[in-house]
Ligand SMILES: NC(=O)c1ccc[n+]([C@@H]2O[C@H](COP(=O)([O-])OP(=O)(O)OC[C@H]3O[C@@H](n4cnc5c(N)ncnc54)[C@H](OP(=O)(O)O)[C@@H]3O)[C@@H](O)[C@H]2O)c1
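Okay, here we've got a single chain as structure tokens, the form predicted on its own, with questions on binding and movement later.
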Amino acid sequence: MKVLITGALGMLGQQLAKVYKDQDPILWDREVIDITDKDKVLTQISKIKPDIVLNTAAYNDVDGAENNEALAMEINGHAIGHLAKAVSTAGGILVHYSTDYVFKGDSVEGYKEDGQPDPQSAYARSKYLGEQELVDNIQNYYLIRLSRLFGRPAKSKSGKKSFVEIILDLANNQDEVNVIDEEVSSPTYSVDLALATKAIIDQKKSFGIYHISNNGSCTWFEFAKEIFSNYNIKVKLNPVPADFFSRPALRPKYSVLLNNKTEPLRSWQYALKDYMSVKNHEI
């Protein structure tokens, strides 16, 4: 089986490369190929003819997208159409990752896989465009939505730090840390997501939309509190409202993803403990 991973130096891309190491996956990152280059994408995939393409490449700067919406639309939106057309022509399967941010965030029951997206920010609109491009251009696809990804840091130059890394950096450099005690969603551990992705493919699950995140939900403050607890950090942690920080992009207030198609993952607390024991930070 020939596997191609795009965004291979990112947080999730690196983990997928480990999960598929026995297949000796082909690894693309931006230095190798820019997925917004339609002609190059079509040409290279037609040569490789991969059985599975796992696309983790994305523009992930939520606030930055407000002033760079065209760029976000190219990377998160139109580029997915290029990949989908190329993979469909090559006869392969395309796995693409999206976000809980495509939902408005006003449903306290959470969102099922068939929930209607209603993106509220430029970033969210770009991710939703990518979902539409995927569905319109290939039949053999898995669209996996996730939220609050954490795991080993990305190696790519444009790699975004996870919330865990941000909080640990703040705890190392400040006497007090202020964290928003709103915006409820579910953290997702890159290791668990990569394994769940492989399981979906190996089990030949029906093509379509899947929600994958670790079990349970929390606010950002509750997430930070768990991080502090794991390391017995003594820095003062303060809960603050969402408007405490000036952030250009709107965020969903409640965007828990309901998983109705696969076995539930372990709790986010347990996954966090596992990650932090492996990472072995020094605070």
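A residue's number is simply how far along the shown sequence it sits, counting from 1. Keep in mind that what you see is a predicted model, and the values were worked out from it rather than measured.
There is another form of this protein, the form predicted together with the ligand, and it is not shown here; the text below is about that form.
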Inset, instruction - Sort through 86-94, 149-157, 175-183, 196-204 and report the only stretch with a non-hydrogen atom within 4.5 Å of the ligand in the model of the complex. - result: 149-157
Inset, instruction - Answer with yes or no whether Ile35 is in contact with the ligand in the model of the complex, where contact means some heavy atom within 4.5 Å. - result: yes
Legend entry - Val19 within 4.5 Å of the ligand in the model of the complex, heavy atoms: no
Inset, instruction - Using a 4.5 Å heavy atom cut-off, state whether Asn137 contacts the ligand in the model of the complex. - result: no
Legend entry - Residue contact check: Asn60 to the ligand in the model of the complex, 4.5 Å heavy atom: yes
Legend entry - Answer option from Leu129, Ile75, Ala171, Leu143, heavy atom within 4.5 Å of the ligand in the model of the complex: Ile75
Legend entry - Listed residue that, although the ligand is not shown, lies within 4.5 Å of it in the model of the complex (heavy atoms), from Lys253, Lys225, Arg30, Lys49: Arg30
Inset, instruction - Pull the contact list for 96-115: residues with a heavy atom within 4.5 Å of the ligand in the model of the complex, in sequence order. - result: Tyr97, Ser98, Thr99
